[in-house]
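Single chain ahead, by itself, as structure tokens, in the form predicted on its own.
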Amino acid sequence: MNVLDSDIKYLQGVGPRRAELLESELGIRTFGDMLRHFPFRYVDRSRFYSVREIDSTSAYIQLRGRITAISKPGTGRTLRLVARFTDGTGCIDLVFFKGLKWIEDKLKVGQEYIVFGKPSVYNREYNLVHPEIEPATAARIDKPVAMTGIYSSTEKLHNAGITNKTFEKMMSDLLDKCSGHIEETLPAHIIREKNLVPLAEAFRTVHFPLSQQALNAAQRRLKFEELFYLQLSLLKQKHIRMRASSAVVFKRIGDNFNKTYENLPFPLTGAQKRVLKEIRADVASGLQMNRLLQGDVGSGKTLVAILAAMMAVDNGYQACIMAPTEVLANQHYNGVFKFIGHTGVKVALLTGSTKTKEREEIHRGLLDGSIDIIFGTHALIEDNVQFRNLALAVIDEQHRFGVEQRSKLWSKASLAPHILVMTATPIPRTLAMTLYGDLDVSVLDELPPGRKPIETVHWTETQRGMLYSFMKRQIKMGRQVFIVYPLIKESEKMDYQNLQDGYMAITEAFPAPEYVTAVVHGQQKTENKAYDMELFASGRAHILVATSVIEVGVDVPNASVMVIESAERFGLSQLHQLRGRVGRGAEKSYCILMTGYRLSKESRQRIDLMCSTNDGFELAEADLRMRGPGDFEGTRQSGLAFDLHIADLAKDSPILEEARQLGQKILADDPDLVLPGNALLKRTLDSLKLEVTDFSNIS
């Protein structure tokens, strides 16, 4: 057995109890797992600070001095040990709450010590709580440790005595025990070509760096390997799928496409034309199209989907366009007629609200081929929905559908249909390359001509009177207003209460009959929700009070004001989605972010970013940096299906690009990794068992 597969309990200083804790708290089960528990940051131990240098910005510091007094104030649970420490420039208390007898036996008044810890303030004076402390030997003073890694931990581990110092000791013992047993995982030619340090050296250096330069080289090696095998796994899946995925060929562009294109009320953007060319090349290739279309709010994705559907119809096939909500499905269906009303193409809408008689007619029309394009929701994947010749499936806001739900749709075609998945949640390129590495990615990065940027402002509760005056002026000018309340879960009473209170406040400030206010939330019956939504969409209501249920799909060109209440409770991506509900007409539009007066640093950062840019991709990159990929809007539901131990998708995009290019080059020559020179790659890839979710999982 490989030493790295050894149970962590056999490492000196661990044992069964600590092993159980390490597994439950950090997922560390083996020596290999422990080796990959990397420090999340490092502190400089190469210099000694003086007590008088300490201020509110000080992070971890190292002091050298003497203990002048030891006391044990408090009783029972409040008992603590306080050692008064001085270096000649000032005094500071070293405070201990646990292991008092052991610490008291260890410390001696008048002896010189080296102390390392993070300053905190108590009673307006600085102290160090549970600092590392050791006698100041001559060797230790002459050669201070250069850098110390800080490991992520938990309260349970700390309470069990597994401190950062414990991790350092365990890592040191582990590296000694694994010496000579860490096998190389990359072929020699890749290590040479990419100028990477050996794996064993990288592990030792990343845990115990002797210099910043050595640490940088070690981290680069480990990050490259992690991202390279992730990309190799994704790209290999793609090669396998491409070989197996014969699909119908759309041989021609016909009358329906041309008539729709020629009768558009406005010209396509350059980005829309580019994406249509990419789709055209895919559907004419004989291989299954598997494309992700990213487009910021209002960039014209739906029109691209309709024109793609026309390609299918012109070649004698059916297309379906599936949306996550009835609101969005209705909007797509109602909006399509202005583009294709003059053609003979027959379209239908199938949702949970479709009446039984109409549903039966639609089932017949899909089965006999008389319906060319079907719009719908989850109702399209019901077992009794069958197609005559489905050849194109468009999935809007695809992250809201599970893989199993989507694969039900694909099974309704005799040959794998061409797939176009769309999202209005801008996904940073680095995340798209990992989450959707198996798809070809298209981006609509232009807004249609005439769209004006939305002015975004941040107001606090003290400016509510100003908000109501502004809304009244806009309504007087013939505009409409959205007011959105946060909703974490439909069942949260507090969120529902906030909306109800807000609705009452609005109806008092904007009384009927002069003003009409509609309300939409998840606890309404479907027909009531549809009635209020239609009241607003038709212009008969001036104000729509809603939860974030309206995030996707409500298109009301006359709405020029979006008020987001408790904006600090939304993520950047969701705030941007909500802002995109306005600015759809010719008039100037506004987004007003309402918050309390006191905000956390992160909340203020998000609000400031929203006010500074309308670029969804810029915001998405910022969201990724601030919250990390696991929390990224639109991916949280499925979660990242891989663990990154050291690489950071927000910061390591150049390494990711380099790793992906190398993976593409290797697989282009040897897609199954059967050549002798790639044996190590195949062996390592198999051993990693990378269960990377294929988000495009088609058939």
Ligand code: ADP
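These figures come from a predicted structure and were not determined experimentally. Just count from 1 along the sequence shown to find any residue number.
Note that the form predicted in complex with the ligand isn't included here; everything after this is about it.
Determine which one of 348-356, 297-305, 86-94, 209-217 lies within 4.5 Å of the ligand in the model of the complex, judging by heavy atom distances; exactly one does. Correct option: 297-305.
Does the trio 45, 149 and 168 actually contact the ligand in the model of the complex, every residue with a heavy atom within 4.5 Å? Not a single listed residue reaches the ligand in the model of the complex, so no.
Only one of 201, 555, 278, 440 comes within 4.5 Å of the ligand in the model of the complex by heavy atoms, so just point that one out. Contact check passes for 555.
Contact residue in the model of the complex, from 205, 185, 163, 269 (heavy atom within 4.5 Å of the ligand): Answer to the contact question: 269.
If you check in the model of the complex, is residue 470 within 4.5 Å of the ligand, heavy atoms only? Contact check for residue 470: no, nothing within 4.5 Å of the ligand in the model of the complex.
Taking heavy atoms only, is residue 515 within 4.5 angstroms of the ligand in the model of the complex? No - in the model of the complex, heavy atoms of residue 515 and the ligand never come within 4.5 Å of each other.
Heavy atom of residue 584 within 4.5 Å of the ligand in the model of the complex: So residue 584 counts as contacting the ligand.
Residue-level contact is defined here as any heavy atom of the residue lying within 4.5 Å of the ligand in the model of the complex; does residue 448 satisfy this criterion? Residue-level check for residue 448: yes, a contact with the ligand.
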